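Quick heads-up: it's one chain on its own, the form predicted on its own, in structure tokens.
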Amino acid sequence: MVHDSFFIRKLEHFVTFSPEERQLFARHTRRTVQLPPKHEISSEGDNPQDVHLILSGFACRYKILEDGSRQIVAYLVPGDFCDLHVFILKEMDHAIATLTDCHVAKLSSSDIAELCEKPAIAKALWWSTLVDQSVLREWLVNVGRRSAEERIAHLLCELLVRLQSVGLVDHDNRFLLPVTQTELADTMGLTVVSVNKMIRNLRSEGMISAEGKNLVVRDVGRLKEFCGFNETYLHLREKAPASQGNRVARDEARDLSSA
């Protein structure tokens, strides 16, 4: 159902859409593709033609350095647009790739233009872009000023809140985290050995536990206090309500990401 779409849930933290606006979203997100893990959605240097919207699965933005090393600069989860206004650019200055199986909608510049003719939608899409920029600023602070252990904890807190906002966290603060320690190292500017050690420390302190690809935040308050996490930068007005529909969506996303 259109009203249960992850991106609708995300954007409705800022505005409430009318049935007509929901149908407009549905019409412009029908062009979809199913992509496997580690598939490049966009490559650095490409001439971008479409905006991509993550309907399910996990993806990331990243830069490749001259020595072949990688810096991940954003995680993209269900409900996230991959660079909303990227078609304005003449060429991509970074790459976007899937981390898991992903169901992705492709929107053209004309799709975005028609959506933005609705003031409420235009405001919501602008809000989404501003939140992306706010998250990037927080990631800069994370890598530049927090300790290795605090960096990991802060990212886990952020993902917990972002996934809660679209109904992808269970009641016991359990959520799918299909990110490898190598990918975390590429995100945090750390070695894989350091990432492994920091995660073990957080687990031994009783703040988190891992069950397969699922992460459980055992003590949300302690984890947030430990890394100084303040979710204000995510600009979420309220939490998405839990519902049977949310649970079905979680199960579908889990199946896609673990395939």
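Sequential numbering from 1, following the sequence displayed. Remember, predicted model here, so these are calculated numbers, not experimental data.
The form predicted in complex with the DNA exists for this protein as well; it is not shown, and the discussion that follows is about that form.
With the DNA omitted here, the record of contacts in the predicted complex names 200-208 of 47-55, 26-34, 200-208, 226-234, defined by a heavy atom within 4.5 Å.
Taking S109, Q71, Q164, T180 one by one, only a single residue has any non-hydrogen atom within 4.5 Å of the DNA in the predicted complex, and it is T180.
Heavy atoms of V141 never reach within 4.5 Å of the DNA in the predicted complex, leaving it off the interface. Using a 4.5 Å cutoff between non-hydrogen atoms, S194 counts as a contact of the DNA in the predicted complex. Interface membership of S147, defined by any non-hydrogen atom within 4.5 Å of the DNA in the predicted complex, is confirmed. I41 falls outside the set of residues with a heavy atom inside 4.5 Å of the DNA in the predicted complex.
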